[in-house]
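What follows is a single chain, given as structure tokens, in the form predicted on its own.
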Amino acid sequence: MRSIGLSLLLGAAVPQSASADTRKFPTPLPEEVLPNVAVLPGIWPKSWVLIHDLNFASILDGKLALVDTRSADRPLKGLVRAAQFANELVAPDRGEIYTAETFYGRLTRGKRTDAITIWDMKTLQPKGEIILPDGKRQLSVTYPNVFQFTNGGKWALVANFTPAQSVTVVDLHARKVLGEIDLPGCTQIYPSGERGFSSLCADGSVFSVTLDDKGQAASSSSVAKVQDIDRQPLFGTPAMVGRTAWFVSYYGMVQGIDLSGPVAKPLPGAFSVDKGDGAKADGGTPQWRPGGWQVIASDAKGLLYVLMSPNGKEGSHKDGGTEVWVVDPVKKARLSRIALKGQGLAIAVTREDAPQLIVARADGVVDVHDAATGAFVRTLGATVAANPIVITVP
């Protein structure tokens, strides 16, 4: 019996002849050479955007996702680290990305270092940094207007909060800090004039600063009653059309501010995005109001896109929206309404010949719509960023 069992076992172990083997094997993959690192084009296609992933679950590990919004299968082109409530700027003419970041010596504690990191747009690798003094860079959930260019993009402006507010002026070419401008009672940075910036203030005014060639304050001016803080407070992130910043209020009023000169000039004739559908400042009944984090965008033709929610009420201004309303600021009229696939938190419009509306949703999904017709084009899913919160169109 032992010899029979052994024979059976040996027989089972002997393979069939090649001629009798009818199994199908997949064609082997070609050998991959490692490391294998792709280099991006020097000039990014206009369909590419940077999506800021704040990564709420691990803010230390925030990042920028470079995304091709026209790719249905491989939209993610690369990642740039953006640590600890970072902010970003892109300079295509110099082939550089800038991130204003904060680091701690022991990751979550220890000596604090604030810095501007300089990244190469082709390789997405760091190529330098500028150390910011005194550990005072504003740490807040990402706003675009706390890190901005001025002086033709040669300088950067960095918002500080200690909680005293100020702005650090940085020479990006010389890679050095030039100075600091006190900004009591005012916040956010809007580049104005040839070499300066403006800020919105707590009393409803707008404050403008002109800088000299050494980065120091040469002059300043204040314009009162630009916004009604109690009845029509403005979202801090505007849509830019040329040198005009278009702001929208919590209740749907649109206000333009001309930033082409050294002193910001509010444009007359603020108007509502509304056509009788709500968005008013009276009562507590839910109504159509703007909501989200990046709530207003513009296209190359100067049209405005406003993220709107039908459930607007006191305190709902960060909740997001389910529609985007397209508004002509010249005619002061709403042109169309775009229904979204989910609750959007941030919107942007590409500068393509056929522009696309990019929507970052509260569930992490990024959707793409045709900006001209509003038609849904594709979803990029929830794979490019965990918490997409700001969209930068280079």
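This one's a predicted model, so the numbers in the text were calculated from it and none came from an experiment. Numbering starts at 1 and runs along the sequence shown.
There is another form of this protein, the form predicted together with another copy of the chain, and it is not shown here; the text below is about that form.
From the candidate stretches 125-133, 296-304, 260-268, 168-176, select the single one in contact with another copy of the chain in the predicted complex, where contact means a heavy atom within 4.5 Å. Flagged stretch: 125-133.
Any non-hydrogen atom of S58 within 4.5 angstroms of another copy of the chain in the predicted complex: Result yes; S58 sits at the interface with another copy of the chain in the predicted complex.
Would F103 count as a contact of another copy of the chain in the predicted complex, using a 4.5 angstroms cut-off between non-hydrogen atoms? Although another copy of the chain is absent here, F103 would touch it in the predicted complex, with heavy atoms inside 4.5 Å.
Does another copy of the chain get within 4.5 angstroms of any non-hydrogen atom of H369 in the predicted complex? Outside the cut-off, so no.
According to a 4.5 angstroms non-hydrogen atom cut-off, is D230 in contact with another copy of the chain in the predicted complex? Within the cut-off, so yes.
Just to be sure I understand the contacts: of A91, A83, I118, V241, which is the one whose heavy atoms reach within 4.5 angstroms of another copy of the chain in the predicted complex? Only one option qualifies, and that one is A83.
Among the candidate residues T113, T322, Q148, N311, which is the single one with a non-hydrogen atom no more than 4.5 Å from another copy of the chain in the predicted complex? Only one option qualifies, and that one is T113.
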